[in-house]
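Just the one chain here, laid out as structure tokens, in the form predicted alone.
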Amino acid sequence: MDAILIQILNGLDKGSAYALIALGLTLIFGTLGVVNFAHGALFMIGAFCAVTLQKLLTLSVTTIDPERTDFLGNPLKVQTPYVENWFGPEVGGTIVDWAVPLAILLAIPVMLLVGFVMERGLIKHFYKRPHADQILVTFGLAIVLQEIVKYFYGANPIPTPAPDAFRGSLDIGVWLGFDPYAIIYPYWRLVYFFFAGVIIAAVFAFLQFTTFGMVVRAGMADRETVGLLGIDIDRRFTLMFGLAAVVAGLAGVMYTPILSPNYHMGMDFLVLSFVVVVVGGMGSLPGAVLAGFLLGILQSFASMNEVKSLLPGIDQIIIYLVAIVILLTRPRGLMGRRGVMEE
């Protein structure tokens, strides 16, 4: 039983990343009708926002520590981060330690800017083009972005640790009535799951309860009618592209302690997230979230040693097998709308 619960937790953790990326993909497709293969690159850029802030906060100056000496008895020269010099060892050390959560403040404006530049500079020219053209141009953009990141940050993964307060593990088994240490789970993975839940709830609340969101939902259902009412729906959809970029970026920021950022991480998540979108139903926001968590849990169970001993390699293909079965039985996906990509 404890092994099953651990796999469910692993699935929810992985499914959180799938759901966040798929949510942004669906926002873009549902509003602009664009199949954005550069969306995984936005996830990667968000992750490297955390890397960048960590590097900036750990920039150091050489100082002399009179209380410490070298083997000759001379005062020892030490590297001290600038923030510790400016704010003191305690406050400065806390700022450095919390670099990943603080990177959210950097990622939001950066991702908004990147999203607006992408949409206004390139993607708007492909609104009325075939989906194949959209895929080719955004896939090419993704490759360009990842090569830029590779040039500046290198090809190797860059460890980006979580704050000290969340580096341990939590004994969840005791809460659920199991023996102590029966179910141990890392704090940060739980943090990521709850963070994803907050972001998803915030996006749905924004679309459901704000005037802006209601206009966007109306535009997703019938763009021409909304335009005839004198509403600049194109401008609102551009803002939604920026929002989708922020969602992907924040997903990347908070995932860095789980997976050390590297230049191809966006492409790794992109393919699986597109499968999630298709399974959930093109243009369906609830479907994208539901499929993200379901496929994450299925992939987690498929990665168990007992399962892999019976079906070697099943963990690598389970998502695609499920996608095939669902699309054969429900061609529009779990919650897809009639007429979406059916022409």
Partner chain sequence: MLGLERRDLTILIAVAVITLFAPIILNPFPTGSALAQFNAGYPDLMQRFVIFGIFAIGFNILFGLTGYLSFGHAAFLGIGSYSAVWMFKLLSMNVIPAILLSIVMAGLFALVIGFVSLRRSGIYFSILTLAFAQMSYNLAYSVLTPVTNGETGLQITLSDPRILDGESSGLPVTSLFGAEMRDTTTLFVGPWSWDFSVGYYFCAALMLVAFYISVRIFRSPFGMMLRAVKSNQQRMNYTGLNSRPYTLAAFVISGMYAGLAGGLLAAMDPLAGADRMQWTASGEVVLMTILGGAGTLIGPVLGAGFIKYFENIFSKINDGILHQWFAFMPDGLENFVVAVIHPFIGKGWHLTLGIMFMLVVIFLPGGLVEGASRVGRVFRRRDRKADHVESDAARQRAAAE
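Here the rigid core means the biggest group of C-alpha atoms that line up within 1.5 Å when the two forms are laid on top of each other. The model shown is predicted, which means the values in this text are computed figures rather than measured ones. Residue numbers count along the first chain shown, from 1.
In what follows, reference is made to the form predicted in complex with the partner chain, a form of this protein that is not presented.
Against the partner chain in the predicted bound form, the set 141, 148 and 328 is in full contact: each member has a heavy atom within 4.5 Å.
The closest non-hydrogen atom of residue 37 lies within 4.5 Å of the partner chain in the predicted bound form. Among heavy atoms of residue 126, some come within 4.5 Å of the partner chain in the predicted bound form. In the predicted bound form, the partner chain sits within 4.5 Å of a heavy atom of residue 274. Remark: residue 317 counts among the residues lining the partner chain in the predicted bound form, judged by a heavy atom distance of 4.5 Å or less. The stretch that touches the partner chain in the predicted bound form, counting heavy atoms within 4.5 Å, is 277 to 285, out of 56 to 64, 290 to 298, 40 to 48, 277 to 285. Interface residue among 91, 136, 117, 174, judged by heavy atoms within 4.5 Å of the partner chain in the predicted bound form: 136. Once both forms are overlaid on the rigid core, the distance between the two CA positions of residue 55 between this form and the one not shown is under 2 angstroms.
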